[in-house]
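To begin, one chain is listed below as structure tokens, in the form predicted on its own.
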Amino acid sequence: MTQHASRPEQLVSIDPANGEVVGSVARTPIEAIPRLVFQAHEAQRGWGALTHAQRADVLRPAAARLKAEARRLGELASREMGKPLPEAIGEANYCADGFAGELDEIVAALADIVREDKRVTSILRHTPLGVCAAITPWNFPLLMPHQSVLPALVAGNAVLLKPSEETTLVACEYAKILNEFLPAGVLTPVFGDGREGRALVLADVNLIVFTGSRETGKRIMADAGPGLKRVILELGGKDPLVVLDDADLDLAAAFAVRNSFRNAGQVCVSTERIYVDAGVRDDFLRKMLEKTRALKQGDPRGEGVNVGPMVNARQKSKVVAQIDAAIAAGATVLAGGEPREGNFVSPTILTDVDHRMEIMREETFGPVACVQAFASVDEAVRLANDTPFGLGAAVFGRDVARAGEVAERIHAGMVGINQGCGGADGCPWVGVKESGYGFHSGPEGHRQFAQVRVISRLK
């Protein structure tokens, strides 16, 4: 975890797997933030005067630099937040390999659109909003800054990037690579915790892009309201998986284990609630238990390790408290559940759960899968929708048309049928209800980083 111990002006990054110090960065003084925002506005004038294509071309060489540094960045990310090393390196490679295509997609999304009728020709033009505050989380410490910063920059905004205090080092390295090619002041890192984040939100910024908890998202909306600042909020989830009576149980169980326990469950679209037809419940649980026992947990740099630690002791305590409360309320532990040293929580399967338990209502963000049987499809849909969250969901069933009908009834921004919730290339990442306000990625998401203006003339 990151601590503010002997030197409060420093953010010290601690490896959650072994407690070793990874490094530190200087905390940004809160009183300096208005000046940094002013400087960003100054830099934005020249940056915003370029075309979308010109800005993309400035950024293009960063792809090769990211690729060359992918292993080092992945190792750093793994040490800072405990992600298994192959996954962390994969995250860095994903950003680098998709960089050029992402730039092209953003440029195309922001191109002028012509609308005309018999009398008038209009151009829909996407122009910069001004200065963007990008506040990003620790669970994907490269991907989340990347998906916030890149469209904001190509749209012509200057960006102040405030990464999580848990993963400042890798975000700092990412910003350094982009700043090798950007004009001075166009991308500025801001380091700190919620206090610096709130100061940034309250400053003279035009757009706030935030990925994180629902509670923090609500506070950002309240702080942004008086200035009617634009906000894009990608918030938490409590994703359901519905396993129908005709599902391929091997496929469903494999997905459940992978999506519940990857990144130690610290994923916004992690599968946290599993609803299984009562007729196949026992077979499904047997397969899920078998696959869970095959997982290897330990030091994220260890050979074959696929489940690492919680990011810090605070997150572990939250997860353990939910597990303990559920057990006290009658839940049965099928796997895991036992305490472990350090920041580790064993991959845990709970059965005999219901919606009176906090673990079935509030986001866990840990390696815990809760399994509840249902007697009818209507009951499954009712349970899946019994939540204020609505980020992702999944439905498994061999009759794809029937599974699709169930998917249509689930109140989530993204629903997968016999797969995870991620869509085809070009789809946005979008939540409904209290899981999102605005969205990002894909052409529709990229356009939210710009101001649409309509310029019309008579024919």
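Just count from 1 along the sequence shown to find any residue number. Predicted, not measured: the structure shown is a model, and the values here were computed from it.
Same protein, other form: the form predicted in complex with ligand NAD, not shown, and the subject of what follows.
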Counting only non-hydrogen atoms and a 4.5 angstroms cut-off, does Thr211 reach ligand NAD in the predicted bound form? yes
Would you classify Thr136 as touching ligand NAD in the predicted bound form, given a 4.5 Å non-hydrogen atom cut-off? yes
Determine whether any heavy atom of Gly342 comes within 4.5 Å of a heavy atom of ligand NAD in the predicted bound form, and answer yes or no. no
Evaluate Asn179 for contact with ligand NAD in the predicted bound form, applying a 4.5 angstroms cut-off between non-hydrogen atoms, and reply yes or no. no
If contact means a heavy atom within 4.5 Å, which one of 188-196, 324-332, 152-160, 85-93 is the stretch that engages ligand NAD in the predicted bound form? 188-196
Under a 4.5 angstroms heavy atom criterion, identify the one residue in Ser148, Ser164, Ser78, Asn259 near ligand NAD in the predicted bound form. Ser164
Answer option from Gly130, Pro300, Gly336, Gly236, heavy atom within 4.5 Å of ligand NAD in the predicted bound form: Gly236
With the partner left out here, which residues of 345-368 have a non-hydrogen atom within 4.5 Å of ligand NAD in the predicted bound form? Glu363, Phe365
